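Here you get one chain, nothing else, as structure tokens; it is the form predicted alone.
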Amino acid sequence: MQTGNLLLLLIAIGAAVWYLGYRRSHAVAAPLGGIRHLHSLPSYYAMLAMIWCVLPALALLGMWLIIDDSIIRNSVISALPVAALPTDEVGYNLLMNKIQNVASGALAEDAVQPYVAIAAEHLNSLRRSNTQLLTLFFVCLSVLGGVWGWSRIQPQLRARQRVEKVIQFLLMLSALVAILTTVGIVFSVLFESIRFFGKVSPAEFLFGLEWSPQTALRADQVASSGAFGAVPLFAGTLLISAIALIIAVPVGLMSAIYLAEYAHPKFRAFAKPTLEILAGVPTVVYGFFAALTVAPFIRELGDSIGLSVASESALAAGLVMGVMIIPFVSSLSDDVITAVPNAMRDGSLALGATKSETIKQVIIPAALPGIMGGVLLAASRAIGETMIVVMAAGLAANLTANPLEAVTTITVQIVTLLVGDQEFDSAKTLAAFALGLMLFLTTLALNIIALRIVKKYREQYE
């Protein structure tokens, strides 16, 4: 049985165990005079029985899926003739790929050596046996766990405390997984970046003014030695992000103020969901809109007044990106503005302040942390955007502050460097990780700045 089917079966068994546990809790409480004599509510007893059913089976499934593939691969390789055994890791991988292709039917048996065909049959046999054993142990363990949990239901059982401890452990485990994932990403990018800086000077990367990462992959190839000055990429990223934020922050903040403080409830109920639809539009749609509508319009408008505008410009990408991130500023700002206690509004108005003065002097300062969070989220979204820049701003690494010229960003270059077959020992490919590290540090700096602003505000107003 496939993994998805096993999970569906486990849901069904868990639901049955929950129902039986709920009925048993009522049954054991009936002779005592009702459920008020139970230590916990019947739902907690049912939940505890279901936990005994589900968690051990999930643990078994996870461990099984982690180790079964390596065991099967080793069994297949060990059954091969000694003369056919690979001598290195590359040969091992090639041989296993060939065996797997024959086993899946992608490669005909008569097109390979006889021992490969035999190994493919052995692989299919082991996979069938593995699936059968997994299904058997999975179902048995879930049923036995459910029966054990069901049999443990007694009036004095502290079911609520045990269920809450399990939930607390799962929450802690989820937080730990998120933290470890972040740490793993950071270290993986950092290690590859260190390899890159072993080939290219950090000073050249951080302060160089020319970006041309084409390098020779092999000694017999003729190609450029490469130029890895990332300043044009930083400048392009900041230029497009600045244009986007200049559009998104004022429009988003003012729309949030209007919706929260001035708009009629019926208009707000219609306008806010409509505005948030912008956040759900795929970025490729924004890219098409920027490339086919906004960029030609800007170019024609510039030509009409005597300006030279590139067919792909930072202004076109920044304008469309600004429209895209308006909901990030508007929605979060609206939520925090409406969360400001009405007592602060009433107190300001009672002291003689106007509606406008109340908003400027009371509500906006009180909502500043949330507003900063929305602006920070919008900035991070703008810095990390790729598709709009590819389609509207181009790939040219130009060092310019002119929004009418074509530029590129860090994220676009990362995608460009990692597209296609790449050699991960070359500085060209490793440069993508160094650029990713710069993006991470930029986002970290934005968070630190936002926290300092919020801290300064809280010292002043709280």
Partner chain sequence: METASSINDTSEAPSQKKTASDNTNSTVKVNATGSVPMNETNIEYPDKTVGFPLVDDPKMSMRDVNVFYGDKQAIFDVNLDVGKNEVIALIGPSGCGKSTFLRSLNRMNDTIDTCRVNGEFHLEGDNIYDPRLDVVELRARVGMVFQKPNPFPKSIYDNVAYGPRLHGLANKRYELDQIVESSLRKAGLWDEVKDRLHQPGTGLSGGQQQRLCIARTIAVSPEVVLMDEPCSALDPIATAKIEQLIDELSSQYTIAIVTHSMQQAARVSHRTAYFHLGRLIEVNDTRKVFTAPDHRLTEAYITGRFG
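Model, not experiment: these values are computed from the prediction. Residue numbers count along the first chain shown, from 1.
Just so you know, the form predicted together with the partner chain exists too; it's not on screen, but the next bit is about it.
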| item | value |
| --- | --- |
| Candidate stretches 130-138, 105-113, 351-359, 150-158 - the one whose heavy atoms come within 4.5 Å of the partner chain in the predicted complex | 351-359 |
| 4.5 angstroms heavy atom contact with the partner chain in the predicted complex for Gly347 | yes |
| Partner proximity in the predicted complex: Ala343 to the partner chain, non-hydrogen atom cutoff 4.5 Å | yes |
| Close approach of Ile77 to the partner chain in the predicted complex, 4.5 Å, heavy atom | no |
| Contact of Ala366 with the partner chain in the predicted complex (heavy atom, 4.5 Å) | yes |
